[in-house]
Structures are given as C-alpha cells and as structure tokens.
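Single chain ahead, written as structure tokens, the form predicted alone.
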Amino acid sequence: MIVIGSKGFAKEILEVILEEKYSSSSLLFFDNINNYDENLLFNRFKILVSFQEVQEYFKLQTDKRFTLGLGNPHKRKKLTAVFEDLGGLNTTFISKYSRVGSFDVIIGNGVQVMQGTVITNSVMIGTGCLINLNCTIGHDTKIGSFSELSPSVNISGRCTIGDLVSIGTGAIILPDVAIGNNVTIGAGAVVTQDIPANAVAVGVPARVIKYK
C-alpha cells in the first residue's frame, strides 16, 4: 500500500489507514522531492523517491493499492493517472469515525472520507474526491470526480457539485445549488445560487470574482 505524498495531508490520511491495522512494513509513502533523512517518515515508514521504485514495487507485490496524500484536485487527478499507469489501484478509505448513510450512497474509487464527516442518504461521490474533517453532505447530493471539500464544509440537500471543484474551509452550500466543473469556492463562503464552471467565488453571499 502506497500513500502518494509524505507531508501535509499524507500525515492525516495515515491515521485513517492505521484504523485498518496496517503494519509499518506494508505501508509506504511516495515523495520524489522529500527532504527526510534516510527516506523515512516519522522514522518508521519507508518513502519511495522515484516512479521507477513505484513501478518495481507494484510488479513485485500482490497489494497494488495506493491512496492520495495530497490536496489540489488537478494534482490528485494527474497523479492518479500516473500511478494507475504504473500498475496501481486507487483505493477508497472511509474513517470509522465518520458516519455514512445506509441507503442509496455511492462512493467511487479513491475517495477519502475523514474523521467527523457525516454523509446522509441518497448521495453520490465521484472518483478521487477528498471529503475532509467534519464535513456534512445532505441528501440527494451529487459530487463529481476529484473534487475536494476542505474541513467543516456543509453541503445541503439536493446540491450538484461538478468535477475538480475545490471548496474552502467552513464554506456552506445552500439547498438546490449547482456548482460547475473546475470551480473554487473560498473559505467561509455561503453559496446561495448556482456558480458557473471555471469560476472563483468568495464571500457571504458568495459572488464570482473571476474566471480561471
């Protein structure tokens, strides 16, 4: 099992992975620009430092799983494609300290659901999404691929979130709002109306301030 990255979010997803009782020897990290002595994270977990090492690992191991240990929707999508080409299998991790509805919930490959998050019923979450600490996702909401919810984001019912969307810490999405692909929502924003694709929106209520 390989975690892509060894800093920032990689240290947080580590705790969710360890909930599943992984041993140190079966859990590795990848960081080709790391600055750790002896290529060890916390003096315990081996860090692979090249794509060649990753490819060799996947050839030799029956466990070909990987997960993303970094933020940024576009980087997550790019590195997922690279690691899948190297033979890896993008893997979903859902913290046992989150709550996921029992009915009509579809969660794609490579999704990460962090501690304290609540997902209700009739929710669809696409491939490679990051649902960070203490988020809520209301009923009948659909989230596209490789979108990222920062900590404490609240999404109300019947919302539609596109692909490659980044929603900042503490933002609130009100009911029936649709957010297009490749949108950035600023921290603390309150989104009361639809946001078009490629927009950056901030404020209370949220307003589009520019396009990418």
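Residues carry their position along the shown sequence, with the first being 1. Note that the structure is a prediction, hence the values are computed from the model and not measured.
The protein also exists as the form predicted in complex with a small molecule; that form is not presented, and the subsequent description refers to it.
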Fill in: Stretch from 154-162, 167-175, 51-59, 28-36 whose residues place a heavy atom within 4.5 Å of the small molecule in the model of the complex
167-175
Item to complete: Consider T184 of the chain shown here, and say whether it contacts the small molecule in the model of the complex, taking contact as heavy atoms within 4.5 Å.
Response: yes
Worksheet item: So in the model of the complex, does V202 come within 4.5 Å of the small molecule, heavy atom to heavy atom?
Response: yes
Practice prompt. Please run the contact check for K210 against the small molecule in the model of the complex: heavy atoms, 4.5 angstroms, yes or no?
Written response: yes
